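Quick heads-up: it's one chain on its own, the form predicted alone, in structure tokens.
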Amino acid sequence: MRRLKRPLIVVANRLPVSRGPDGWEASAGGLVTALRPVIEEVGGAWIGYDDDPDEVPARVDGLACELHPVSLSEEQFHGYYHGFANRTLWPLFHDLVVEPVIDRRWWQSYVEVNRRFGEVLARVVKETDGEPVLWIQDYHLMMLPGIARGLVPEAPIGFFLHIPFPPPELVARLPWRDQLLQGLLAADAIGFHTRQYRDNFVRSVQRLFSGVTALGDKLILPDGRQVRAVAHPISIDVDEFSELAVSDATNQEMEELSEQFAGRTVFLGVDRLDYTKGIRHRLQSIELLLERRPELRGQLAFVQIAVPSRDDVKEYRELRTEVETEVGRINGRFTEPGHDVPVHYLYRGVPRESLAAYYRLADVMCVTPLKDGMNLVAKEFVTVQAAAEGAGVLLLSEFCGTAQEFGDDAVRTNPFDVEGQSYLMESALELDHLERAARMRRMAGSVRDADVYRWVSDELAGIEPGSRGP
């Protein structure tokens, strides 16, 4: 783990806390888990939005940092988050899976909110003992490095993008492309999941700005300042998921699921309900498989866990209707009287122990997004399977970052080819048990070698004082 000598200030869209029945508590996200030992060692703060900023405590148990909520009006949050971030940047950065909406009012809200974050950040830096390192997270805050550089010019600044960075031909469609890239270039280090995303960023910068030189992982700007642009794939806490895989609670859940699906081959999908995840394409592939192989009817079960997401965005409400229509049609076609349905659709999140049990139960895990920055579900699945000595198969889209790490050990699919994907589902069932187990061990080993703590260490190592050059 990277050892910092300075306090760490993390800035993200949301604070890493939630209010439960017993009061405020730290969230269970991977970023929070990975940063906990760093913050405990050097101290620091976390800045983020909360819709109840006056009630957020200064600290919560299990997270040794000060919490600083950013207060936004309902109109500001709508334009910045629901508008520009999720109806303009999100579809654009996911290769135009849907058409981005260009709205100047949303852009103005985005800039205004990034400035608001900057004001809070400048105040926190001033109140922090020592000279803190600033680490800004994700596409919601792409203007913030530039704003922060103007307010606290000597602070070391890092930025990590948790979604893909698209090719320059797509970036060029955004009217405010120059401002966003200039905002990012104010950081000392900019992290991406994969080399491809990093290269897309470099090519976009060189296409739009003259006099920028790429030298290894460094961009040398016309004024001589140097910016690191690096590829660091995010990951999971392997030990945590390995322990969860064989916990008593997970074993109990596994017994109940094994009884429910006894004698059936189980395909599994676990996703936020998002149009980038390829859920409809996956369902259509299942339908074609059942159509082509009638002997699998009654023997194959597909479980789709769809976690609700952004219900107040029109495209997501429409997607829910489309997915549920697909599920109803497939079950109507292939359910025999007195028999179970082929598709089990859960429109909700599930407890961690239940999720681990589903991972263990699955004969084939379907991670088939149309585009995804990384996809940690794939890493969770192989880790849980390996810990439980399972031999499931991972069907993995070639369009997510994880595919570059797992190579040919996963069954790679093009989710846009619905019929071809159905044949790959079929071939996954035919893999030899020993071959499955060997693939699973190799994939789990690659996750262990580059876990979330390695990601944090690699990221923080690049945000160093003096890296900006003259």
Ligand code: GDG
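The structure presented is a predicted model; accordingly, all values stated were derived computationally and were not measured. When you see a residue number, it is the position in the sequence shown, counting from 1.
The form predicted together with the ligand is left out here; the points below concern that form.
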When the ligand is placed as it is in the predicted complex, are 352, 359 and 380 each within 4.5 Å of it, taking any non-hydrogen atom of the residue? yes
Assert contact_stretch over 293 to 301, 272 to 280, 213 to 221, 100 to 108 against the ligand in the predicted complex, heavy atom within 4.5 Å, equals 272 to 280
Heavy atom within 4.5 Å of the ligand in the predicted complex - the one residue of 155, 189, 171, 234 that qualifies: 234
From 142, 387, 72, 374: within 4.5 Å of the ligand in the predicted complex by heavy atoms is 374
Distance check, residue 364 to the ligand in the predicted complex, heavy atom within 4.5 Å: no
How about residue 305 - does it come within 4.5 Å of the ligand in the predicted complex, if we only consider non-hydrogen atoms? yes
Against the ligand in the predicted complex, would residue 90 count as a contact residue? Criterion: heavy atoms within 4.5 Å. yes
For residue 78, is any heavy atom within 4.5 Å of the ligand in the predicted complex, or not? no
Which residues within 177 to 195 place at least one heavy atom within 4.5 Å of the ligand in the predicted complex? 193
